[in-house]
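Below sits a lone chain in structure tokens, taken as the form predicted on its own.
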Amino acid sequence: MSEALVNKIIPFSNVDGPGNRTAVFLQGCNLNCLYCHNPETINICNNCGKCVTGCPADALEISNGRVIWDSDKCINCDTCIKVCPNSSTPKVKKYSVKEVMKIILEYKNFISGITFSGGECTLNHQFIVEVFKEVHKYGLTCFVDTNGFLDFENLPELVKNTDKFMLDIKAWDSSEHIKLTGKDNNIIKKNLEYLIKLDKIYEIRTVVVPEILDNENSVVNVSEILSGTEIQYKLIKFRKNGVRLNLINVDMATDSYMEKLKNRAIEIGVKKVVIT
């Protein structure tokens, strides 16, 4: 069985898909979004050791050239994350499928399903597939929260074993997407069409960022595709909490602007629009 680096596991979440879910966040991402709210999940720790001297609880040490994290000593002040120059964290743990399942089974009577998130969880698609095959034996649903940058037509086992995907459409215009994430969005748009045909999408999410993005253009184009479907469209207001302010420091959208975008999506024919 395969293994994966896990950033954290939230036993009960009501924002990572429908119902009460256990959310598993995997380390590592293939995009580098200006507005990333958990940038410590982007890279794998390179063991530079700069976090070790900054730890006020002596929960970090270097052993054989590797940064070792002692979760028992950790006071979760996140100083290590704040001083990390690599958009990473030493607070990750490698889990086997069996170890993740042991945790999931502790909560199985209180949840409706599992959601893998990140980082970009699909970078560990084989691990996810193995976990989902086990999870389905207990009647729980299996969701994936993804930026959609990998071509899902090349990942048939992931698609087959995932009940529903939650897909980010960060910007519709390709040049805008490159400015925001460092990569184009051709594959993401292809995945959007592909997963809709398979009835595999639960939710599309777009973060609304004033000054940086042409938000209306993205909302209109996504809404035209979602029109008449049962797919939920979530419009997320950009917030400064947790972002790298040296990369992006703009104001949040006003409530009235968010309502305007929501109403535009509804006018086009989207049945379910949520603002957060």
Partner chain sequence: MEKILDIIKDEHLTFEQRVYSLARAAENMVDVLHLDDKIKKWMDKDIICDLAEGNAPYKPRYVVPDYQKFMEQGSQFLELSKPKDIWEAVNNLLILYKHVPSVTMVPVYLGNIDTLLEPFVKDEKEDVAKEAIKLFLNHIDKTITDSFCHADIGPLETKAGKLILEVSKELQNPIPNITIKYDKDKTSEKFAIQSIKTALAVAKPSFANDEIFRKDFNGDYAIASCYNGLYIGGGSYTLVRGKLSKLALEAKSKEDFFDNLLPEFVDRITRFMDKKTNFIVEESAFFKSNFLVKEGLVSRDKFTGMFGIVGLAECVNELLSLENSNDRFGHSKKADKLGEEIIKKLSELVNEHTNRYCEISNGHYLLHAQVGIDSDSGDSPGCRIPIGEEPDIYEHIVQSAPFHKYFPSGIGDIFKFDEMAKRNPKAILDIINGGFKTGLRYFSLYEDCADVIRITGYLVKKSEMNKLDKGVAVLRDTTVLGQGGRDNSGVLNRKLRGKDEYENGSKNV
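The shown structure was predicted, so the numbers you read here are calculated from the model rather than taken from an experiment. Numbering follows the first chain given and starts at 1.
Beyond the structure shown, there is the form predicted together with the partner chain, which is absent from this document and is the topic of what follows.
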Q. So, Val15, Phe25 and Ile111: all three within 4.5 Å of the partner chain in the model of the complex by heavy atoms, or not?
A. yes
Q.
Residue-level contact is defined here as any heavy atom of the residue lying within 4.5 Å of the partner chain in the model of the complex; does Trp69 satisfy this criterion?
A. no
(Q) With a cut-off of 4.5 Å between heavy atoms, is Glu106 one of the residues that contacts the partner chain in the model of the complex? (A) yes
Q) Closest heavy atom of Ser117 to the partner chain in the model of the complex, within 4.5 Å or not? A) yes
Q) Does Ile266 reach the partner chain in the model of the complex if we count a contact as any heavy atom within 4.5 Å? A) no
Q | Among 48-56, 33-41, 61-69, 215-223, the region lying within 4.5 Å of the partner chain in the model of the complex by heavy atom distance | A | 33-41
Q | Sole residue of Lys183, Lys164, Arg205, Lys189 within 4.5 Å of the partner chain in the model of the complex, by heavy atom | A | Arg205
Q) Quick one: which residues from 145-164 get a non-hydrogen atom within 4.5 Å of the partner chain in the model of the complex? A) Asp145
